[in-house]
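Just the one chain here, the form predicted alone, laid out as structure tokens.
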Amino acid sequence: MVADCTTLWNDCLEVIRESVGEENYSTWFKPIVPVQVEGDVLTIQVPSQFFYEWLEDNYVPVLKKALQKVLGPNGRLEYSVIVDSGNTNTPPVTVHYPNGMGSRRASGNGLDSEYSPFTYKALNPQTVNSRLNPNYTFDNFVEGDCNRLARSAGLAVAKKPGVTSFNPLMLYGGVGVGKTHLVQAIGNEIRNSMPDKIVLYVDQNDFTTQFLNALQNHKLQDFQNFYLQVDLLILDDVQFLAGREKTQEMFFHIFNQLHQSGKQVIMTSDCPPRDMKGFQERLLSRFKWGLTADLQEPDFETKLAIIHRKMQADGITIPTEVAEYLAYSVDTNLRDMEGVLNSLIFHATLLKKEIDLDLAKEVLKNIIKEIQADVSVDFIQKTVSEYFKVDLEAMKGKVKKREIVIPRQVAMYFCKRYTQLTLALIGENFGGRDHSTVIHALESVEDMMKTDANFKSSVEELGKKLKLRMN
């Protein structure tokens, strides 16, 4: 069987090689390992989730052409994706994707026929498509002060869905803070530990589209009966139901019946219920019945852990100085961070280079303009010392008086923001301090800016002075 699948894949490679060019062939197809062939289905193993997504997003026509030529018109491809490369004591961990060649994109659009309100049927917990991403688990959800309450509540719900006082569980926060990851981790945990439970994840857009289709086709009862079979209902981005009176009315009845039946409801939103506009008051009151927990932007240490976890999942070890550089340079949200990391992996793979600080700076230069500032440490130190009227040498040295420490921390803050120096090199310019001292300085400045309006105003004014030099 191994020889057969290897021979078939080699035949496929011959077709692929003619279509993609030598460089793309070497980058995206040579690393693939054939696993098995059963009938018209060939299973291949790829080295990472990123690799799998890149193939599905960019090479579906090429793969289809090769599979159909080698296996016939019904030839199909399945993936075995390495999500943890393991070590000498632990074998690699893989996730199986049974539907290849375009299904990844197709599954994100439209609705599965199983969830059509016109074909109501009894759901089987063993075969139901819960619409969950198997990669979203508690194990790879990085805990920090920014999400500890939400994660603890999620674990409690996963152990006893519908039984705890956290029903409904409402998680809220900005874009890219991990809400979808956490709620799907809950769903995956329940599916694995309680296989008799019917779990369904649906975003607001799909729920609304299904409801409107049911309304137009006079199938509202079928639609409602379908959802009442679910033991755990996860509704993502519930805030977009604002102003949709009829959809809210239907969700109100589904919510009530699920809750009264001891079923679990989980929702995500970009704000807490008290700040939601355009909702029926009776629905908002039910949102507040259980627990509302927020997820905030991660702090520096949590960002570092997330970066290392993401890269390890792709089988890559990232140097500490590169992780620190990314953690402070990408200050928007985790979704943007994931995009930067994927771009970094892509460049390293395409250029066949090790990931180092120079490559990270090259990748980020077109993404984050601010880090390209051309301003020296000496100029920052001089400008800050003059502004706060403190001795320059004392600020650069080891004096620990508060009137010196705060300007020193501010100077470190701007060195990180406006130069491309690593934390260790910044510390060297301030009396040989280590990178942990620089991290503490950066966090102290950010904390003081949140609590002291006058201090924040001073820092912003200094920032303008420095930017004048950069322009």
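All residue numbers are counted from 1 along the displayed sequence. Since this is a predicted model, take the numbers as computed values, not measurements.
As for the form predicted together with a small molecule, it is not shown, yet the points below apply to it.
Peer 1: Flag residue 77 as yes or no: does it have a non-hydrogen atom within 4.5 angstroms of any non-hydrogen atom of the small molecule in the predicted bound form?
Peer 2: No.
Peer 1: Although the small molecule is absent from this view, report whether residue 351 comes within 4.5 Å of it in the predicted bound form, heavy atoms only.
Peer 2: Because no heavy atom of residue 351 falls inside 4.5 Å of the small molecule in the predicted bound form, the answer is no.
Peer 1: Does the small molecule come within 4.5 Å of any heavy atom of residue 180 in the predicted bound form?
Peer 2: Contact with the small molecule, yes.
Peer 1: Does residue 338 make contact with the small molecule in the predicted bound form, using a 4.5 Å heavy atom cut-off?
Peer 2: Contact check for residue 338: yes, within 4.5 Å of the small molecule in the predicted bound form.
Peer 1: Using a 4.5 Å heavy atom cut-off, which of 215 to 223, 257 to 265, 271 to 279, 141 to 149 contacts the small molecule in the predicted bound form?
Peer 2: After filtering at 4.5 Å, what remains is 141 to 149.
Peer 1: Among the candidate residues 134, 174, 397, 162, which is the single one with a non-hydrogen atom no more than 4.5 Å from the small molecule in the predicted bound form?
Peer 2: Spelling it out, the residue with a heavy atom inside the cut-off is 174.
Peer 1: Within 4.5 Å, heavy atoms only, which of 344, 202, 334, 390 is in contact with the small molecule in the predicted bound form?
Peer 2: The residue from 344, 202, 334, 390 that makes the contact is 334.
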